[in-house]
Every structure is written in structure tokens, then in C-alpha cells.
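A lone chain, given as C-alpha cells: the form predicted alone.
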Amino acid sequence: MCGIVGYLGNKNTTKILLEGLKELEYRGYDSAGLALLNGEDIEVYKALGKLENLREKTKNILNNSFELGIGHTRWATHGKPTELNAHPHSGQYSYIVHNGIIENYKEIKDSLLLQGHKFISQTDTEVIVHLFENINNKINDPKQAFKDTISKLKGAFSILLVTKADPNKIYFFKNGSPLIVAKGNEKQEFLFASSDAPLIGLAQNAIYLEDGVGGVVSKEELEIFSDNYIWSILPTSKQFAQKNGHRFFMEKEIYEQGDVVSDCMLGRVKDNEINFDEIDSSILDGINEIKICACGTSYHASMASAYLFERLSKIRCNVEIASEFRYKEPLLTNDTLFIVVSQSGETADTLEALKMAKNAGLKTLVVCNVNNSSMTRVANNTILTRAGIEKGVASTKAFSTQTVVLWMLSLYFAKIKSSLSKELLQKEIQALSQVPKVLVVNNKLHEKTRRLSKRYLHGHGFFFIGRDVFYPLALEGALKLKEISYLHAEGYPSGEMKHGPIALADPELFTIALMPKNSLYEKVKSNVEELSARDSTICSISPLHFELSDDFIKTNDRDHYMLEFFEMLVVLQLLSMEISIRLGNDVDMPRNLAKSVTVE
């Protein structure tokens, strides 16, 4: 989602802000902008599209001296992607960047319009800077005006504000959307960012701001308007690997899944047991149900895990889309373990669902890839997936590591509850230990998907179908294709075809059939035969040849259905990527999407 950077110090402000925004590109954006201050002079630059467009606009002032500045990459929420709607937004003498959504912006805007304020954008953000100036014009006290402004806002808002009324300072506030303030490596130097990536190498100490915490910084001091903060140590290495010979970061991340899953298992998978140092066996005391909330790809990983929690742990498990859960007036009881799953740890709907559960007194656990993220600070317990930074917007290794962590967790719970015999538990652990090898990309398999991709560039849509855990995998396969190819695709349980969707079947409807040997093969085969009889074009993915296939991608003969799951996952990721490449799309940064969705 939107990215924020800020700098106050003696270095090249413009360069630091541009480099900071570059580190946030992976989050997704449609415009970018800077506000640069030198005394009471403010220069503002905005550009649509890629950050390179902003860099081009600022090339003539790149070496100019600015005491401080703020920057932003925007993903449109209120108002279309235009330069007028790009951040920073201005009043008469102040500028602001903002992540999140102001829920009561309409009533504030209407009030300010009656008082003579003029608005030039369609955004909710612009009301903040006008409200600040409206208050400051009356009291002539920028600090108090900023505090009063914050008190009137409802919603999610992480903010940096600069003003000619107090030209040597940056005001900041965090509520619901991430924001970090860091003390620079040099004297009289402070930095801001919405994730720690832009800060690494420039600072060692930082405050990961909690909700409701803000302040003001000058070269002389950092003032926090609260005691609710602690200093943390930033990582010392960015670990931003380049593409390493791959065409796209997504391709690189597909190829490194075996390695990151190995890291994910390190210290957790033992010969005869699963161990999590992060949690205690007492986590299941008094628990009769697991409820999981997530969005997007994380939701699909969670759906797959529900089969495993019930099958292996023998605990009732329900999975809900976080955006729906929040507004259904859910029944939350203390015998429920509430799990949230998120790559970034900042997904707004999932974070709010977590807060609801925490406030209701439930035990909470987050499965997440980012330490010090908002969810890790709210939840009682955290399990990190250790996937490393994922720069491709369409998630790949986050999904595989989330699924592995949840599978491990189901086995950990199975041991606590003695719901599996030692023999079955050992068999599961043995299968789990083989996943890294299964995720290694076979060159012949990749070439097969590349050659097949040229046949799937037209038609009126795709069905991805499967049963059991392969139904969530079908959903994930369809989502990957939609995200990066912009072709219509839907995932279905294969047994549901005859209950309506089969009406769409014809030669221009492509069916991607997941047909594992170890999980309901004959049932899936029967469902695919029904589609074939209606002349749908069939691409089967299976270790067993299916005579009615138009195209066949052969997977290895495995002895556990979850090993088939992960091998088919790689096939679906590669196929979607190769189709997207043939269509000439930007695989790493698909249109309209963002990496970290910090708004509802």
C-alpha cells in the first residue's frame, strides 16, 4: 500500500527520500511525490506512474540543499490516480503525506468549505492539512494545532506534516497504519518510513510507533507526545537480493521457495516432533476451536490449514475473510484460539479483526513474515514465517511458508492433544521434511509451462478445480493468474461444477485440473470428465496421465498429498507467470495492486 518517508538532517535530502521511496516500491503504487523545505521555501514535485518519473522531475534539484523533506508513494483509495490526487497535499502554507483512510473526512470537508477553504483534490488526505491550518490560523500554535487536528480525525492515519509556520520541524502521528521514526547515524539527523527497509544503513535505533503515538522532531530534539514507546535496534543488512539472473523478482522468489521453507523449518522440525520456541503448550488450555482470519493469498493458506487442523489436531477450525468477519457481529468465546495470517503484518482488515479478538479476551496468535509489524505487537503470540523480503506484488514464497508453518502448527497441536499415533505423527514429519526438495524448480517443468503458456492467452476464462486441500490451492492458482495476467479465472471445488459453473463449459473455457494421486483422485477424475464431455479445454496437473487431457503437466509420484500440493503450487505459479510474460505485463508490479494493503 502507500509508502511514507521523511528526512531531517544535513545530508542530501532529495536523494535520501528518493532512495527511500525506491525501497517501498514493492508495496505497489500509482503515483509519487516529494515536499522539500529550506527555511520557509517549499518545493513540491509529483509524478504519475513509476518512481523514475518523479526522479526525472527532480533531477535538476538533486544537489540542492534542503533542511528536511517528506515523500510518498500513493495507491489510490479516494480519488483517481492523478497528479492532483498524489501526495504531498497542501494547504496555504503546509504539506502532508498520509497512509490510511480518514473515515469522517466528508463532514470535516463540508465544515471547512463553509469556512472558505478551497480543495483541489478528491482525496480524504487533503482535509487533514486544511483542518490543521484552520486551527492554527486561530491559535497560532502549530504544535497544539497538530494535536487538535489529530483529535478530530477518525480512521487510520499515519501522517508526516511540515509547515512554514514551524519550518524546521516535522510533525508525525501513527494510528492504524505503520510508521517508524529513527535516529540517524549522524548528529542532528532523523528519518521516517512506513517500513524499516528505507532506514537500514542510515540509522541503528528506531521507534516502531504504536497506535495513538505522535510527536515533533527538529535537529535539536525528538519530542514524543506520549510515554508509550520504546527504542528498538534496526537490522544491519537490507538483504535486498537482486534478481540474480532471473527475469523478474517473482521468478526469483518462486525459485527460492525451497531455501526459505528450509529456513522456516530450522529449529522447528525435529526427528520425532515439531517444536515452536515462540509458543507454549499451554496455548491450547481451555481451547475447543480455532478461528483463522486472513485476506487474499493468506486466506487461501489458512483454508488449506483448516483441513489439517481438523484432520491432524482434531480441533474444530473455521476460516473467515477478515473484511467480512469484522462486520458480522461474530460470536467470540474464550474457548477459541484466534489466529491471523498476513505476509506484511499490516493488512488493515486482518489487524482490526485481531484487535477485536484481543479485546474480547481471546488467546491470539499471528503467523507473519515481518517482525515488529503491527500484528506482532498486538497478538499474544507470534510465529514468523522467515520468508525474507518478497518484492513481487503477487505473493509466492509467502504462501508456501505460511502453509508450512500452519501444517507444522497442526502437528504441534496434534502432539499436545495426543490426537495422532506416534507412527502417523512420524509419517507427517517425514513428509514435511521433504517439502524444501519438492519446491526446488525443475528446469524441464519450467520449460513445459513456458511452452504451454502460449495456448492460454485468449478464451473467456479459466476454471481451477480441486478437492480437499487442493480446493484452496485452486483458489490460489486462479488468484495468481488474475493478479498478473488480468485474465478472468475462478477456483472451485471440483464437485461443485455440476451445481452451476459447468454451464460455462465450452472449448474457450480452460480448466486447470489438480488431480493428485493421494487425495480423491477418482472423484476429481469424474468431475473433470463431466467438463470434458461439455468440450472444455482440459489441462491436467497430476502424476497420473489422464486420457481426456488436452494438455498434461506431469508431476512426480509422491507418497503424501501435501507433497503433491507443494509441487502443484510451483506449477501453478510458473504457469501464471509465463502467461503474464507472453502477454507483455509487468509481472512484479501488476496494475491496481499493492503489496501491503493497509486500508479497508
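Please read these numbers as outputs of a predicted model, since none were measured by experiment. The first residue of the sequence shown is number 1, and the count goes up from there.
Below: the form predicted in complex with a small molecule, not depicted.
The partner is not drawn, yet in the model of the complex one stretch among 410 to 418, 518 to 526, 460 to 468, 295 to 303 has residues with heavy atoms inside 4.5 Å of the small molecule: 295 to 303. The small molecule is not drawn, but in the model of the complex it has a heavy atom within 4.5 Å of Ala394. The small molecule is not drawn, but in the model of the complex it has a heavy atom within 4.5 Å of Ser342. In the model of the complex, at least one heavy atom of Glu483 sits within 4.5 Å of the small molecule. In the model of the complex, no heavy atom of Thr401 sits within 4.5 Å of the small molecule. Listed residues Thr347, Ser374, Ser94, Ser195 were compared with the small molecule in the model of the complex; Thr347 is the one with a heavy atom within 4.5 Å. Only one of the listed residues (Ala145, Val260, Val366, Leu479) places a non-hydrogen atom within 4.5 angstroms of the small molecule in the model of the complex, and that residue is Leu479.
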